[in-house]
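Here's a solo chain for you in structure tokens, the form predicted alone.
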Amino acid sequence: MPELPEIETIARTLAPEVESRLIQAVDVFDASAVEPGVDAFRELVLGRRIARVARRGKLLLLHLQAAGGKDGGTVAVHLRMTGRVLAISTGQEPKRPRVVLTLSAYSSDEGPVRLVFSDVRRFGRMHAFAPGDINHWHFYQNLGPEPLTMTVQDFRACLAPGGRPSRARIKALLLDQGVIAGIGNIYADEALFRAGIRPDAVAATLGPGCRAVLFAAIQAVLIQAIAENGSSIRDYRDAQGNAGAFQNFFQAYGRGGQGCLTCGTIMQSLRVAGRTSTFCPRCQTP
């Protein structure tokens, strides 16, 4: 599933292609791809202008503008496992589209642009919201803080809700979108490796200094991954169809049974929060 760096990369590459364009047509080829239903989705987005492309956690957000510059609501795109959002020009044909938004041209010298949502496994969704309604969406309401804008004090508080250190395993907390938004299996493994912490370590056992090291590792991993346009293991591509490159820098994720790049010890795997977690038994301590 695309995580924070992949969604951030899609938002950054999509923005110059679609911002300020008018949504002139809405074609839904798979009714299960849109919420709250085909007719309501079309009514909420048709004739609106895409004012801004943004990200919240693992959600891609299209902030819309109505006539007269009024708030036009929001489209939240949840890519799930295999979803893609591409901006394609006239003459290019989308592959397996579920939803296509035809957008106005910037000038008479160019044709319209199409924003295409495709998804081989059909788990992803495009949710359209009237102005302000996204704030009442349970999933959106319960997202935790953003790891790249929070402080180390905020991070320590996330690991100790109500002032009491959590007895949950640290990787389970990092994967919980209600604790911190945007981190998934890849970047949790990579950050824990850099911080020298096993994924099954109990959060309450981590002292203040250890938490500070982990927080710095999380931010460093995410920043580097964004700079590399995310990680392309199978399906992920940015809004222009380009693959990411951070997979070339993996030190932990998916490396079970291979030698640690730091010490040579064979990397081990275990299950945490239902996810395979890879670590070095020498470099990462309980």
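As the structure is a computational prediction, the values presented were derived from the model and not from experiment. All residue numbers are counted from 1 along the displayed sequence.
Just so you know, the form predicted in complex with the DNA exists too; it's not on screen, but the next bit is about it.
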Contact residue in the predicted complex, from L214, M126, L175, C158 (heavy atom within 4.5 Å of the DNA)
L175
Counting only non-hydrogen atoms, choose the one of 145-153, 102-110, 180-188, 128-136 that falls within 4.5 Å of the DNA in the predicted complex.
180-188
Identify whether the DNA in the predicted complex is within 4.5 Å of every residue in the set R12, R84 and R194, based on non-hydrogen atoms.
no
Would R21 count as a contact of the DNA in the predicted complex, using a 4.5 angstroms cut-off between non-hydrogen atoms?
no
Verify the contact flag for K95: yes if a non-hydrogen atom of it lies within 4.5 Å of a non-hydrogen atom of the DNA in the predicted complex, no if not.
no
Is E3 a contact residue for the DNA in the predicted complex, using a 4.5 Å heavy atom cut-off?
yes
Distance check, R48 to the DNA in the predicted complex, heavy atom within 4.5 Å
no
Counting only heavy atoms, which residues in 118-151 are within 4.5 Å of the DNA in the predicted complex?
V120, R121, R122, F123, F139
